[in-house]
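One chain comes next, on its own, written out as structure tokens in the form predicted on its own.
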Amino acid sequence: MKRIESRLKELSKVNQKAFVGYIVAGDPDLETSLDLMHLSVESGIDILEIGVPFTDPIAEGPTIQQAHDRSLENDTNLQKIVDLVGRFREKDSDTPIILMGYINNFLMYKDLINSSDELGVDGVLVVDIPGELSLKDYGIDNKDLDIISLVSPTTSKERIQRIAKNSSGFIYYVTLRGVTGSSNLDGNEIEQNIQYIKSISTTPVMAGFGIKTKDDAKLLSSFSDGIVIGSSIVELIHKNSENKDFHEVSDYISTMKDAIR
């Protein structure tokens, strides 16, 4: 059984929702990213989503865009990130890891991606291609990797059906119209859309984009299989990057995890 499926089944057995946490690899540096990966898991994150920096991250708001820029200034690339995952696996062989990024990065390193499950990567989420398209069409073909797809509030029911058939691991439901870090969550719309996805697919559904507070997390986890938080974590990492004291990051993650239990 793949790590993502195994982790989600473990949580379901004890009636817990999943916490997917996002950090940008190489922000503030790769060594600190390794420490933050372990700290995140220790604080309550169930699945790690590792951002692969890109020059034009169109789905991201200012907070994550700036983190991408800082990471690129450190010459972070996909090879270094896969090496980072390998180092993480020396101490943690259980936590699922997803690489989230943009198609150009994955195409440049497609041979690496096609073997990256051997190095500890469990899934990929490519932001800037339609979710119903197969990555095989781009030369990315690794049966051991889960392919996470995005569904947004504006995705038609017809497209949702095709995307759901093409997804594994989980489906990432984008909770708002806008970029990462935006606000104005519409709970009723989100609930209706997630219920529809669940009516046509057995693949778990995670809710992400715009989740900042305990109330946000509690609400969205009540009708999804878990939540994804990125911008708030990335912002706290940057805030404390000079002194490398990340207790605020740990406290925030623990608070959010408690909210969705």
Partner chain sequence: MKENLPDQDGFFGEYGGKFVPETLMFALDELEQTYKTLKDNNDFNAEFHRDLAEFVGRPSPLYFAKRLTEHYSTASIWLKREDLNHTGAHKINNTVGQILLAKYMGKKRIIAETGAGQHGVATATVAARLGLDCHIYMGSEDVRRQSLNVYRMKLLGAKVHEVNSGSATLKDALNEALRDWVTNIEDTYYIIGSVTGPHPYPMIVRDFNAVVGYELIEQSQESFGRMPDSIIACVGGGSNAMGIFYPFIKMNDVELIGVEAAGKGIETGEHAAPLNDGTPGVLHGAKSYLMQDENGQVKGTASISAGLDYPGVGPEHSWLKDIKRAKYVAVSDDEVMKAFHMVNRMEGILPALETAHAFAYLDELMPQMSKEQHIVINVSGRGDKDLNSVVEIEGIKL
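None of these values were measured; they are calculated from a predicted model. Residue numbers count along the first chain shown, from 1.
There is another form of this protein, the form predicted in complex with the partner chain, and it is not shown here; the text below is about that form.
Contact annotation: of the candidates Val127, Ile147, Leu185, Val85, the single residue with a non-hydrogen atom within 4.5 angstroms of the partner chain in the model of the complex is Val127. Checking Met100, Val151, Ile140, Ile190 against the partner chain in the model of the complex, a heavy atom within 4.5 Å turns up for just one residue: Val151.
Contact check for Leu107: a heavy atom falls within 4.5 Å of the partner chain in the model of the complex. Within this chain, Pro57 lines the site of the partner chain in the model of the complex, having a heavy atom no more than 4.5 Å away. Contact annotation: Gly120 falls outside 4.5 Å of the partner chain in the model of the complex, judged by heavy atom distances.
Taking the partner from the other structure, the partner chain in the model of the complex has a heavy atom within 4.5 Å of a heavy atom of Glu132. Considering the partner chain in the model of the complex, the lone stretch of 32-40, 223-231, 65-73, 197-205 in range is 65-73 [heavy atom distance within 4.5 Å].
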